[in-house]
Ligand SMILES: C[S@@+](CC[C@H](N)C(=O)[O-])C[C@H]1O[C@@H](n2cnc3c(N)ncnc32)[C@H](O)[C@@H]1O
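Presented as C-alpha cells, the chain that follows is alone, the form predicted on its own.
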C-alpha cells in the first residue's frame, strides 16, 4: 500500500507528468526538456532523478549529456499507476502544447544541423553514414569472381569477401595465421574458401587463375613487394584486376609495433613497379583521423 501511495504522490506533480508524456513520445536530454517545459536545469534534473529512482526512466550517456528514456519494463504497481494517470491526463492542453514545442524543437534542430554541416559534411558524423558501412555497401556491388587475398592473415575479411566472390583463396606465410584461418573456415562452415601457406613472392599457383587479387594492408609486411606485385599480376586472367591498399611513405615509429618491413611506399614507386602490366592508377586517400594519421594509398591495375 505504501508503494502505491508513493507512486501516486510522484505522479501528482504536473511537471513530472509532462516529462513522462514527452519521454513516451521520444528520448530527450535535460537541455531539450528545459527548452520545451520552460523550466530551470535544476528543476528538470530533480524531477528526472525522482522518476528514475522510482523505476520509470533510464538514461544513456551521449557525449557530455545524458538522454532519458521511458522504461518499457516499468514494474508494478508503478506501471498500473502510470497507465491510469496517462489516460486521465492525456487530453490536458499543457500536454498538447509540450508536444507542439517538441515538434518545433525537432524542426529547428534538423534545419540547424543541415545548415551547420553544409560544405564540410565529409568531416561530420551522421548516423549509419560510416566508412565501414559504405565499405560494406560498395563491396556488395562488386563481382570479384575467383579471388586471391594475399597476406590474408587469419582470414578476418573472409566472410565479407565471400559475399562478392565465386571462390576465395587466402595466402599467408605465417603458419599460425594459416592454422587460424583454416579453423575459421571449419567453424563457420564457409563454402568456397581455402587457405594456403606461401610467401607472396613465390605463390605456387596456376597462371591466369584469378579474376581479382587483393593486397589489403599486407604489402608493407612482404620482403620483396615489387616481386609480389609482379607474381600477382601473372596470376590474373585477362581483364582481371589487382587491388592493393597500403600505406603512403612515412616516418612514424608506431608502425614498428605492427611488424612492418617497409615504412610505406611512394605513389610513383608503386606505379613504376606495375608499369606496362595493364591500366594502372594510384590514389592517395584521406589520412586517418587517429594519430599519427597514417595515409593510405590505393593502387589498382586492370589487365
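Numbering follows the first chain given and starts at 1. What you see is a predicted model, and the numbers here were worked out from it, not measured in a lab.
There is another form of this protein, the form predicted in complex with the named molecule, and it is not shown here; the text below is about that form.
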Per-stretch contact check against the named molecule in the predicted bound form, the hit in 220-228, 185-193, 88-96, 71-79 (non-hydrogen atom, 4.5 angstroms) = 220-228
Should residue 174 be counted as a contact of the named molecule in the predicted bound form, where contact means heavy atoms within 4.5 Å?
-> yes
Heavy atom to heavy atom, is residue 146 within 4.5 Å of the named molecule in the predicted bound form?
-> no
May I ask you to check whether residue 139 falls inside a 4.5 Å heavy atom distance of the named molecule in the predicted bound form?
-> no
Residue 165 near the named molecule in the predicted bound form, any heavy atom under 4.5 Å?
-> no
Check 150, 153 and 200: does every one of them have a heavy atom within 4.5 Å of the named molecule in the predicted bound form?
-> yes
Sort through 84, 157, 134, 205 and report the residue having a heavy atom within 4.5 Å of the named molecule in the predicted bound form.
-> 157
